[in-house]
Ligand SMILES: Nc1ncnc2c1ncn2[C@@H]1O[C@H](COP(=O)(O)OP(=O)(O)OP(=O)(O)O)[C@@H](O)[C@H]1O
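Just the one chain here, laid out as structure tokens, in the form predicted on its own.
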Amino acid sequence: MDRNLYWHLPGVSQAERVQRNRHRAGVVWFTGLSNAGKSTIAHALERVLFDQGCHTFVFDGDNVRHGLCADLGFSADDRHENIRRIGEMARLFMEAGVISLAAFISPYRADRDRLRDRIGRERFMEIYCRCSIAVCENRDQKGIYRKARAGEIRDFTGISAPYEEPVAPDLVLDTEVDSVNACVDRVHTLLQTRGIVTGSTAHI
């Protein structure tokens, strides 16, 4: 760290942001295999929260690799850096009063643990989208699993690269069985329990 760098304290406090937004900020981190439902649930949850007047943003794995992380590949080192960058962005959005919804495979447990420590255990929620690889492959409309099994895609999580399941996630969603609406409702309940939002998802 350059010793000439200094952290500037914000001129607007978190309490002021909560008062204006009428909700607290936090980071909801969806992890799981490709096609396990992470992005689908994150975007569906955002619609519910947005309709309730919440300030939200979805960080999607594919989207950030078009810009912020376009220089990164899929090696273990690049995956670590990808998650580190997104974690820092989500933390900054959280400081701005936003509920950040991050949908990333994030295959390494240590990376997710670092995020929890960096963001804060009260405001970081690890959501494990649990789904068997067989079902994920059946859902695959892009053909990426087929390419991975044919050796056309290297370092593919679940095929040629590992996925480390969460040991103690804040919530496990059985996306192989439960509907998107049911999953959204469970995450929304968690947000209420944590004091991030109030209200229900009865309208979904």
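Because the structure is a prediction, the values reported are computed rather than measured. Numbers follow the displayed sequence, beginning with 1.
If you look for the form predicted together with the named molecule, you will not find it shown, but the lines that follow are about it.
- Within 4.5 Å of some heavy atom of the named molecule in the model of the complex lies at least one heavy atom of residue 180.
- Residue contact check for residue 48: none of its heavy atoms lie within 4.5 Å of the named molecule in the model of the complex.
- Remark: residue 69 does not count among the residues lining the named molecule in the model of the complex, judged by a heavy atom distance of 4.5 Å or less.
- Although the partner is absent here, residue 148 sits far enough away that none of its heavy atoms falls within 4.5 Å of the named molecule in the model of the complex.
- The listed set 64, 161, 144, 58 contains one residue whose heavy atoms approach the named molecule in the model of the complex to within 4.5 Å, identified as 144.
- Distance criterion of 4.5 Å from any heavy atom to the named molecule in the model of the complex singles out 105 from the list 99, 125, 105, 102.
- Contact annotation for 26 to 64: residues with any non-hydrogen atom within 4.5 angstroms of the named molecule in the model of the complex are 33, 34, 35, 36, 37, 38, 39, 40, 41, listed in sequence order.
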